[in-house]
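A single chain, nothing else alongside it, follows as C-alpha cells in the form predicted on its own.
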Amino acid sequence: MAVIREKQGAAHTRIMGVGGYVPSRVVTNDEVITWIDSSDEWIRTRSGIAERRWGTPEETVLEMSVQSAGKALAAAGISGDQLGAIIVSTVSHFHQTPALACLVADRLGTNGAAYDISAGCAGFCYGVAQASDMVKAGSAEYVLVIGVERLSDLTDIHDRGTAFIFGDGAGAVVIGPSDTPGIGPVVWGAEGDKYDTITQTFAWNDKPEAEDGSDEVRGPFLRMEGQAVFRWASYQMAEVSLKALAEAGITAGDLDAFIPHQANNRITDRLVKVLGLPEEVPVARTIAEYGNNSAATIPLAMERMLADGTAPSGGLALLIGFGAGLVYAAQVVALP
C-alpha cells in the first residue's frame, strides 16, 4: 500500500512585520454626547476612551486591509506574491461570501489560500495561531493575518450602552519561519452559553418591520450586556492570561509588553493586577485614541508600541483577545 507523503514545515515561527491603518475621521466624546445622555467624564471613567476613529465612505474594510497589509509586508521584507495564505478576521464585511480575504489577495498579487474568520475581538489571536500552525505544517511559508473592522456601521449612535465604544481600523502581521521560537502555544476556547451577551439586534435574513410602519429599518446594530461581559473578561481572562504564560514557560516578569484587546481600561487594569505585572512592563492603552475596533485592536497597539519605542523589537509580549461568542485566545509572541 502506498504511503502518503507529508510536507515538513518550519520548526519555529515568528511575527516578521506589523502594519496598521486608522481612519481619518476623529470622533470625540463631545460629539458622542450629542447623541446620548452622557458626558466626556463618564465615558472616560467608564471605558478609558477619549476619542475613536470612524471610516469615511472611501475607507472600506478592503482599503483599510490593503493599507495595513502593505505596511506589514514592507516591514517583513517580502512581497505579496510570496504569501501562501491570507487570513482576515472581521465581522463587518457584509457579504457572507465571497470572503474579503480573496479581494485582499487579488490586490496584493497572490493566488495563495484566502479566507475570513469570524471570532470577534479574539479573531486576530485566532489568526496568529492558525498562521503559525500553517507555517509549521508546511502548508505555507508566509501567512498574512489581518484584523479589520468598520464597527461604525454596526453602531447605534442612540444606544447609551454602546454608542461610545466602537471604532474602525485595520492591523496586519506577516508570520513566517524562524530559527528560534517566536510564537508560543495558544490558549483558546469558547463559552457558548454566553452567546447572547454580545449580539446583533437581528439577523441579516430576519429584518423586522419598522416601528413607524415605514420601509426603513435601522440596523442591525451591536448590543452588549456590559456588566456581564465586564465580569467575564475581568476574571476568566485573567486565568487565560496566566495559562498562556505557563504554556510559553515564562513569567510576567519576563515580559517586555502586555498587549490585551482594547475593550475597556478597567478590564486591562484588572488583568495587570492578577498577572502581577511589574510596573516597568508597558501596557497597551490605545483605546483612549482608537476606541474598541475589535479584531484590529491588538495589531494596531503592537504597531504603535513598536513605533514609539514603548516596546522593544524582539521583546516578549503577551497577547489576549476576547469577545462575542464568547470566545478568547492568548499567546506569548516575540515582537517583530
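We number the residues from 1 along the sequence you see. Everything numeric here is computed off the predicted structure, so don't read it as measured data.
The same protein has a further form, the form predicted in complex with ligand UT7, not shown here; the description that follows concerns it.
- Look at 95-103, 140-148, 163-171, 74-82: in the predicted bound form, residues with non-hydrogen atoms within 4.5 angstroms of ligand UT7 sit in 163-171.
- Remark: N264 counts among the residues lining ligand UT7 in the predicted bound form, judged by a heavy atom distance of 4.5 Å or less.
- The closest non-hydrogen atom of M224 lies within 4.5 Å of ligand UT7 in the predicted bound form.
- In the predicted bound form, no heavy atom of T286 sits within 4.5 Å of ligand UT7.
- Contact annotation for F230: at least one heavy atom lies within 4.5 Å of ligand UT7 in the predicted bound form.
- Proximity to ligand UT7 in the predicted bound form, taken as a non-hydrogen atom within 4.5 angstroms, holds for one residue of L277, L306, A50, I36, which is I36.
- Though ligand UT7 is absent from this view, in the predicted bound form it lies within 4.5 Å of a heavy atom of just one residue from I117, I259, I198, M134, which is I198.
- The candidate site formed by W42, R46 and N292 is fully in contact with ligand UT7 in the predicted bound form, as each residue has a non-hydrogen atom within 4.5 angstroms of it.
- Residues F322, G323 are the ones in 297-336 with at least one heavy atom within 4.5 Å of ligand UT7 in the predicted bound form, listed in sequence order.
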